[in-house]
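Here you get one chain, nothing else, as structure tokens; it is the form predicted alone.
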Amino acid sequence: MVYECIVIGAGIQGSFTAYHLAKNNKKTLLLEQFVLPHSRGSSHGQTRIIRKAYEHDFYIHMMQESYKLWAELEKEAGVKLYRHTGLLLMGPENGKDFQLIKSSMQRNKIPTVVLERHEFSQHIPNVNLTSGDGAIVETTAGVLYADRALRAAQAVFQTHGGTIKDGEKVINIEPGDLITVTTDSGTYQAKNLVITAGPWAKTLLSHTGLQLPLQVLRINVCYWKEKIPGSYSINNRFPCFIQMQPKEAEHDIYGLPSNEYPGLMKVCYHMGSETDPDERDRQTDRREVDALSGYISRCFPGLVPVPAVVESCMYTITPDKHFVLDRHPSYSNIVIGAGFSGHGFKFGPVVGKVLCEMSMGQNPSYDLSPFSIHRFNGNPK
């Protein structure tokens, strides 16, 4: 059997690519190395933040459509995937990053509320705003139910005739007019191939003679106990938050209201330690957890500053933290979606759409120059 397209990797980007291909009546095979559902990659877990708060206009424009496509999937699957909470952005008021994000939100007319210091605590109880920090709320942001979303995209893909083969690890790719993909269980052929393999993208791309500067990080996903249950609850309208330039660390800290585990709030450091994706649980560096404990002691007095649960996830980051959405430089029928750098989940529906468009030989709906492979030409890798 020859497929129109094979998609390697059934995380959110691959599942949505397959979903769009099947809806375009393309005979599609979605391959996944682990038995589904699993927690070995970057798309598992119960929640993600969905937001339009970005300093780059191109991300904001993509998110406008992504919200609509998420709503479409909710209707098709008959499942609730989004909870409106708002997003609290905090950061040095006169800092470059905070000002850039504030001005891009205003320029793109994203609904926001600026919180003045004297009124902050009445709107956001149980949070200490750092001296010198400003605070903005993006009112349309919220929580995406990640595991549920992944299952929904895969289910709709299958109802449109798509095939999923899980528990099959790809061991070789032979490019050509007809691409041959060999797994540890079988061999498949297709006219087109989309590689959305997350932390394993670098290894798979090496089969096609391509080296991309992708770095895999292990992230500690931490949950902190509320001293008084409900203080930071989604039911009490506590928002998601991003703390830019915290005093305790180099990178942002983000959090979601208590929801996944009763009485526990998810607060994480947006960075981690380099790892091999097949050996990630040997990585035991907890410096980020220590930095988070210091931040929580100072800014979230209603949380116990020792994590109750620590899980792990992986980011695959590029040098500039922008995605890779491009055709293979040597094989035009191989399309790549990689390097989502810890902020790609919310873009799943729109990323899947553009990867589908490229694999069908169409012009993508967006200018993909920020995501081009050619931007790495000066990189030794």
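Residue numbers here begin at 1 and follow the sequence given. Bear in mind the structure is a predicted one, so any value in this text is a computation, not a measurement.
The protein also exists as the form predicted together with a small molecule; that form is not presented, and the subsequent description refers to it.
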Check all three, 14, 34 and 41, heavy atom within 4.5 Å of the small molecule in the predicted bound form: yes
Can you work out whether residue 48 and the small molecule are in contact in the predicted bound form, taking contact to mean some heavy atom pair no more than 4.5 Å apart? yes
Close approach of residue 141 to the small molecule in the predicted bound form, 4.5 Å, heavy atom: no
Heavy atoms within 4.5 Å of the small molecule in the predicted bound form: does residue 353 have any? no
4.5 Å heavy atom contact, residue 169 and the small molecule in the predicted bound form: yes
Answer key: of 254, 120, 188, 98, within 4.5 Å of the small molecule in the predicted bound form (heavy atoms) is 254
314, 29, 62, 334 - the one with a heavy atom within 4.5 Å of the small molecule in the predicted bound form: 314
Location of the small molecule contact in the predicted bound form, chosen stretch of 289-297, 213-221, 302-310, 109-117 [non-hydrogen atom, 4.5 Å]: 213-221
